[in-house]
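Read the single chain below, which is given as structure tokens and is the form predicted alone.
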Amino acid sequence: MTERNSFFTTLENEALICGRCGCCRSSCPVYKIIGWESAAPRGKISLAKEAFAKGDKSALSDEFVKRVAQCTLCGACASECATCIDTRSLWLELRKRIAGLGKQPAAYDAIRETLLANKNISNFENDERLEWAEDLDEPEVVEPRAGAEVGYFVGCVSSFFPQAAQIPLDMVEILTEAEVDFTTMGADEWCCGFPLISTGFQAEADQFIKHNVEKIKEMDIHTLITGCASCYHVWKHDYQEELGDYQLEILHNTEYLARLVKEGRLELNELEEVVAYHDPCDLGRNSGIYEAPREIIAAIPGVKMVELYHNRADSLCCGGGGNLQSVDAELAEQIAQLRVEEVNASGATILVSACQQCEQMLSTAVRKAELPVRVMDISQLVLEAL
């Protein structure tokens, strides 16, 4: 696992460090579509420097705020930065400053209001968080209980959105097959807080973080798994201060499934498929998890794995990150189409990812392109091989 260290200090300092070389532009999915300097990382940093390092508040135009909101937070620009600016942290701090000035997009206010009211990103009450489990033969298996070996943090998308509900259903079947002692948090699971962090509402996100940590401690959970790449990233990075010295192993589903395969607790049968893996930004480039999903795919007999042209740290964003869909759905779809062009060239019959948002974006793009490719989460591929 490799993950780039962050040396982020302050927004003002980082904006002044930028040498305006422009290397970041070639990797930015938003710039690839829009083509304007104002959409490039270099352009946004220049305006941030004028507004905050030099104090020219006129630089905080509606157009600038729009460009900041169009970022997917994929982190690709940070990988290309010659001066090692942690641009992802810079964009998050910039959104926080914008929200502090009350200039955030209206869509961000709607996200905040929904989360504060429902404790999740849907319009459903949080008491319905385990409704997906009604499709299990024994729904009671996921009811919260203290002291389980593993806690499964399902995430908002898998809990409330039908297209992603198959992921927790498949994970429960896999964990049961492997005889894992697991539980969920049920209605006590609140959103991980990422939608609030990524829209600039850090103080509100801290409330969610505090709640989730308290519940994990109450349940005496010491291994936590999640299938959401953003949930995983937030738990690994933003929860550490609140966790303190509490011992909690945090794993993405791919890491835990790879462990079960290595331990011989899952017997995988032959599948005659050509499988391509899409690296989610928050799992791969932003968290350093590349090998676990590939180890799982390689362990399935009969599967031929092919790499997409851009892969691992160079992977293209699916277009669904950074709450982009809430402010510019068309742009998000155009970014997804760039990735699907690579899928088509790969000859894959199955496109696998490890992020609900990636699966949703790429499924839509594949259907629109009329490709004979199935898009699925890695848990679905594993269950198909059992």
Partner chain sequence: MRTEILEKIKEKYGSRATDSSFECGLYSRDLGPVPGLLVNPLFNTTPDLVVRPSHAEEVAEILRTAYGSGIPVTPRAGASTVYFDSVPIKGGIVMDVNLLRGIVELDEEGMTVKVRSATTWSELEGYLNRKGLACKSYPSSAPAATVGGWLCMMGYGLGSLKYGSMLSQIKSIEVVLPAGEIRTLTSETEPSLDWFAGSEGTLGVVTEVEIEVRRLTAMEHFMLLLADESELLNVMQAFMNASVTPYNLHFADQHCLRAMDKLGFGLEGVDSGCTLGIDYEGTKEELEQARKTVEAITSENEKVTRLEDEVAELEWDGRFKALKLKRGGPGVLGAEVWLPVKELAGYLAEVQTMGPKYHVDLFSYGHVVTPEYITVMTTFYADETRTIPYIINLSLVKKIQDVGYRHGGCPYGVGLWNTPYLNRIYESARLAELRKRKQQLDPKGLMNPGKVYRPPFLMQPLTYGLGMDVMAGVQKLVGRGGSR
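All values derive from a computational prediction rather than experimental measurement. Positions refer to the first chain, counted from 1.
Heads up, the form predicted together with its partner chain isn't pictured, but that's what we're talking about next.
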Exercise. Counting only non-hydrogen atoms, which stretch in 182 to 190, 288 to 296, 83 to 91, 146 to 154 is within 4.5 Å of its partner chain in the predicted bound form?
Worked result: 83 to 91
For this session: Verify the contact flag for E14: yes if a non-hydrogen atom of it lies within 4.5 Å of a non-hydrogen atom of its partner chain in the predicted bound form, no if not.
Result: yes
Exercise. Heavy atom to heavy atom, is L338 within 4.5 Å of its partner chain in the predicted bound form?
Worked result: no
Problem set entry | Residue contact check: G19 to its partner chain in the predicted bound form, 4.5 Å heavy atom | yes
Exercise. Given that the partner is absent here, does S326 sit within 4.5 Å of its partner chain in the predicted bound form, heavy atoms only?
Worked result: no
Exercise. Exactly one of L331, A69, L47, V343 has a non-hydrogen atom within 4.5 Å of its partner chain in the predicted bound form; which residue is it?
Worked result: L47
Exercise. Taking W36, R42 and E63 as the candidate spot, are all three within 4.5 angstroms of its partner chain in the predicted bound form by heavy atoms?
Worked result: yes
